[in-house]
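Next comes just one chain, in structure tokens: the form predicted on its own.
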Amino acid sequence: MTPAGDKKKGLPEELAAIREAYDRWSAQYDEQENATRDLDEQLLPQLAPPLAGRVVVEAGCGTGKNSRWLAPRCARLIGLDFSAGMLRLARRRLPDRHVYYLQADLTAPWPLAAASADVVLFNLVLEHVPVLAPVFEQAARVLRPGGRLYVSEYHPARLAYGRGATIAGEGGVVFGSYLNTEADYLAALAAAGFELERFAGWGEEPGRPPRLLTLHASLPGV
């Protein structure tokens, strides 16, 4: 099965370059010092929506660092990521029969049926998305009525400060991040039909903006 948007020619040039950089980075990603990644992992058990008995989509699952915590707590876990290198590590790390990993471009239609999931999570992936609205629209499409959304991402104020993921590519090229403001997040959520529940910043440091932005939202129930 080839998910929509998986072929390199189907990705915009910048996103294809980011994907290739993550493929190269995958072997060292979990071992390198990364305070933002570690804070995201620490916050997940505190902030995740209820998972018991639910179908969970981990959008931008990477190497499966958060899958280890999610998988034992849900009925089914589906991880989506556009990096084959990251997914290779995730599958090795978590070969459980109720865990499925699919290569997919989050900015294109997701390879999932409508109204097939209860929870969608985004962790440290949306900074690589130039426009949020189509991605949140896909999250809304695959969620059932009353479905929950959890987002944990680089804080926009920190990105504006010049702090974000930088990945050295071939020829010394560095791929950075797209700046989506707090207003961009809120507008994209509302356009997709989500109702915002909570919005918070985490990991403040002296003289610097918060490290992470988290938000909880839901679709109207039946």
Ligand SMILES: C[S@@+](CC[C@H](N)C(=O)[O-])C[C@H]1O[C@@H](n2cnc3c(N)ncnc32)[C@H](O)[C@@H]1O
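On a predicted model such as this, the values are computed, not experimentally measured, just so you know. The first residue of the sequence shown is number 1, and the count goes up from there.
Below: the form predicted in complex with the ligand, not depicted.
At the 4.5 Å threshold, heavy atoms of Q138 stay clear of the ligand in the model of the complex, well away from it. Interface membership of L89, defined by any non-hydrogen atom within 4.5 Å of the ligand in the model of the complex, is ruled out. By the criterion of a heavy atom within 4.5 Å, A71 is excluded from the residues contacting the ligand in the model of the complex.
Although the partner is absent here, R54 is not a contact residue: none of its heavy atoms lies within 4.5 angstroms of the ligand in the model of the complex.
Residue-level contacts in the model of the complex: of V151, L143, V125, I78, one residue has a heavy atom within 4.5 Å of the ligand, and it is V125. Along 81-116, residues D81, F82, S83, M86, A104, D105, L106, T107 each place a heavy atom within 4.5 Å of the ligand in the model of the complex.
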